[in-house]
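Next comes just one chain, in structure tokens: the form predicted alone.
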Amino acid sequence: MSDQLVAVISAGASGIGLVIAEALCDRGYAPFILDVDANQVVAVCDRFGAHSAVTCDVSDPGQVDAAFKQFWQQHARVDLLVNNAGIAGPQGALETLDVAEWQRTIETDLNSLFYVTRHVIPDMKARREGVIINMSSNAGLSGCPHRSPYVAAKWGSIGLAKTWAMELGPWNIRVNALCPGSVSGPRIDGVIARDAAARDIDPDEIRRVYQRQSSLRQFTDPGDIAAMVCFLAGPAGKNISGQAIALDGHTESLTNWQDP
């Protein structure tokens, strides 16, 4: 075991999480990734090292416990936790939503933060330093129609970040929430496709609406999110805690629909 900085990243084997892991690796961190996709975990281990990732569904507290048992066999410290795991959840009017899908979204997008974070706090407290970042959304700041379970979880992740910042601040542990807007990549493409199907309109129209919600008329790049994670984890972020930081090109409105 060494004194190398260590970052734990949930859902870090692809998408935004992988971009974050790559950026942190470039800054000297050893990444430890929890991801539900076993094939992607193998690819990550090939990329970052044999013990850099473990298959884990963070919505299952038993799997999280097992993953951290393995983690502490390999590492003596954890400097940064990025609670990145999340799913889009069902889309549709509240009265049409399936209970099981609601519960799955809350388990993955909100409860997983508790299941994972409780494992890193004792070490951070003992060393009197650490950084925790919850991946929220601008939907957690403004709401979003037809996305009730996702919005509930993302508002909750902000509340947890603010509460944990108060609770852990005396140990010099900083906690913040990041709130991206629509992020370029396969995930937003899927959200757009499902939203278009629910509304029975062309996906390109949905995409234009999503882009109009940003003053800059563009989606957020995953690299921008990774850069903010590195900023908050580094010395320049030493006095930033308890914040919900938007990375959305200034969202004007999430409710500017004119329904057909």
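Predicted model, so just to flag it, every value in this text is computed and none were measured. Counting begins at 1, following the sequence as shown.
What comes next is about the form predicted together with ligand NAD, which does not appear here.
- Partner proximity in the model of the complex, defined as non-hydrogen atoms within 4.5 angstroms of ligand NAD, places exactly one of 66 to 74, 200 to 208, 32 to 40, 229 to 237 at the interface: 32 to 40.
- This chain is displayed alone, yet in the model of the complex one of 182, 117, 148, 142 has a heavy atom within 4.5 Å of ligand NAD; that residue is 182.
- Using a 4.5 angstroms heavy atom cutoff to ligand NAD in the model of the complex, all of 57, 136 and 154 count as contacting.
- Within this chain, residue 241 is remote from the site of ligand NAD in the model of the complex, having no heavy atom within 4.5 Å.
- In the model of the complex, ligand NAD sits within 4.5 Å of a heavy atom belonging to residue 87.
- Although the partner is absent here, residue 11 is a contact residue: one of its heavy atoms lies within 4.5 angstroms of ligand NAD in the model of the complex.
- The closest non-hydrogen atom of residue 188 lies within 4.5 Å of ligand NAD in the model of the complex.
- Residues from 95 to 124 that approach ligand NAD in the model of the complex with a non-hydrogen atom within 4.5 Å are limited to 108.
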